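Just the one chain here, laid out as structure tokens, in the form predicted alone.
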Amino acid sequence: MKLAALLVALCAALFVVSLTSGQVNASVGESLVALWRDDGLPLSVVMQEIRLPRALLAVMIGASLGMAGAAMQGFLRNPLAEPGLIGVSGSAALGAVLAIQTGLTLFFPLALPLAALSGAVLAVVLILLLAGPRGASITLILAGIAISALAGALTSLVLNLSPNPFAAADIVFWMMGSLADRSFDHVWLALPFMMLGWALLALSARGLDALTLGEDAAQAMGINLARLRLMLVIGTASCVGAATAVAGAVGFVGLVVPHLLRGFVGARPSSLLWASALGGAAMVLAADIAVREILPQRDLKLGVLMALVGAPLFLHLIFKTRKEMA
């Protein structure tokens, strides 16, 4: 309970800081008052139409990636597993890249996230077809790797053959990940998919706890492994696909956050799910605040900062684990 209270308080504090961070010269009190005021003034518009959806998306994306990472690590019983392992993020990125390259985004602003979601749905269908209804975990991993590699190759091919340098630049910048210039349209588009993912992953908590004893023991306890895998694949795909669709590639959240919090929950997968959701929300909120404060004039990308912070942190965790095992 103490950990839950601490994480909730941290998320709430970072949410307020996110709402009041930016280049608009206004005090914290003025900014928060403008959030509820309907006077049409610039500060109110900035707070209600720019900062609020950006902060909400940071919470949603962080919670989705953190929860999906904890679920995948619990299901595969591998602390190195991460949400992108099943290839959904790469397929969602491919869909977005095709939308940019074909010019659909010029005629329909939401074409990019919708195309990315379509790519994520296609990836889920392919994973289920390749892995089969009763395939083992290794089959699921291999199917995800194959789909991810194919999506990455096709994305590189589109960039390589792109006759429009401006479209190629837009593709590269989008793939770096960012929450800038997002609106409530993106919030409402991603929220139903994320809520579906959260619900499915939460329902898998009992099965994940049982899997810590092994697949045979889990089946003896009445866990339907095929149904559990289906729930995890669809839940993870919904979370990761929606996050990638509205923000681009944001890595390391689903990999690092469960590592940081596992020791505080006794390595119990069901407890790690909600802890990673809150921890992921806090991490993405903090990173998005840093993006706006470190280089406000250069549009530092969220995905770039997450990689710069996440990679060294993960290396530290690796060395720490090696010392503990020595």
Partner chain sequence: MTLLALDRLTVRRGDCPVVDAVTVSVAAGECVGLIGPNGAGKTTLLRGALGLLPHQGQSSLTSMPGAQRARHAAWMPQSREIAWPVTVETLIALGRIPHLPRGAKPRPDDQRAIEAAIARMGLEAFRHRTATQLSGGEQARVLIARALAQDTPLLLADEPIAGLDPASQIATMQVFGRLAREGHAVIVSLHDLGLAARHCTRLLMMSAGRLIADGAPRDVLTPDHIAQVFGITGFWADTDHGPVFQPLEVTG
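Positions refer to the first chain, counted from 1. On a predicted model such as this, the values are computed, not experimentally measured, just so you know.
This next part talks about the form predicted together with the partner chain, which is not shown.
Highlighted residues D209, G222 and R227: every one comes within 4.5 Å of the partner chain in the predicted bound form, counting any heavy atom. Taking L260, A267, L52, V33 one by one, only a single residue has any non-hydrogen atom within 4.5 Å of the partner chain in the predicted bound form, and it is A267. None of M176, L203, L114, L122 but one reaches within 4.5 angstroms of the partner chain in the predicted bound form through a heavy atom, and that residue is L203.
In the predicted bound form, the partner chain lies farther than 4.5 Å from every heavy atom of D185. In the predicted bound form, the partner chain sits within 4.5 Å of a heavy atom belonging to G74. Put simply, N78 is close to the partner chain in the predicted bound form: some heavy atom of it is within 4.5 Å.
Remark: L157 does not count among the residues lining the partner chain in the predicted bound form, judged by a heavy atom distance of 4.5 Å or less. Note on the interface: of 159-167, 240-248, 78-86, 94-102, the segment with non-hydrogen atoms within 4.5 angstroms of the partner chain in the predicted bound form is 78-86. Contacts to the partner chain in the predicted bound form (heavy atom within 4.5 Å) from stretch 309-324: none.
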